[in-house]
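Presented as structure tokens, the chain that follows is alone, the form predicted on its own.
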């Protein structure tokens, strides 16, 4: 793993506010690890005592519902930080993080991060802005679940997946979610999600090839969303 001051990924997170001296200090205390696809980074209710910086890969943040099913709250990609809110509130994490593909993450202890809060105002502001952004996303999610139909949420999610994670050379969505995971994101049963995907396919909005999904009519999907 490279030194923190040489890491381009930090420019996408709150860590971009740290000066060279602080980054050197950060590099001395962080631990780096490889996370395999399907591996849990942390579980809901766990005391993490620090933050994770995602250097490469994608993970899902999930919340366990009363009926025992996981609901995907957010997808996190490289450059983002995990565990900021629970570190500041001094509470256990309220979500689980699971790798959707092989990942590289760096763990930074709470003691080191909180020291930057006291000395670097810009860093503190960046963290606060990120947390505020997460709260806004949560508000939007609640509104979508309450006011939009499952069909609208599926169309919106497919567009989000392409805009955020890109396409393969064959134009299929780069990030491959299982039908269970896609259903979890839009808040419906897996069977309903499969049926809607089949409907979208028949309407020419998307193309299904095994596990791959290709968006064929983005303007219509946007109109539907």
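Residue numbers count along the first chain shown, from 1. Small disclaimer: the values here were computed from a predicted structure and weren't measured.
Only in words, not in the display: the form predicted in complex with the DNA, which the text now covers.
Though the partner is left out of this view, residue 198 does reach within 4.5 Å of the DNA in the predicted complex, counting heavy atoms only. Contact check for residue 179: a non-hydrogen atom falls within 4.5 Å of the DNA in the predicted complex. The DNA is not drawn, but in the predicted complex it has a heavy atom within 4.5 Å of residue 187.
Mapping the unseen interface onto this chain, residue 128 falls outside it, with no heavy atom inside 4.5 Å of the DNA in the predicted complex. Checking 208, 205, 23, 17 against the DNA in the predicted complex, a heavy atom within 4.5 Å turns up for just one residue: 208.
Contact with the DNA in the predicted complex, judged by any heavy atom within 4.5 Å, is made by just one of 150, 88, 98, 141: 150. Residues placing heavy atoms within 4.5 Å of the DNA in the predicted complex fall in a single listed stretch, namely 189-197, out of 23-31, 156-164, 189-197, 50-58. If you take 55-84 and check each residue for a heavy atom within 4.5 Å of the DNA in the predicted complex, you get just 69.
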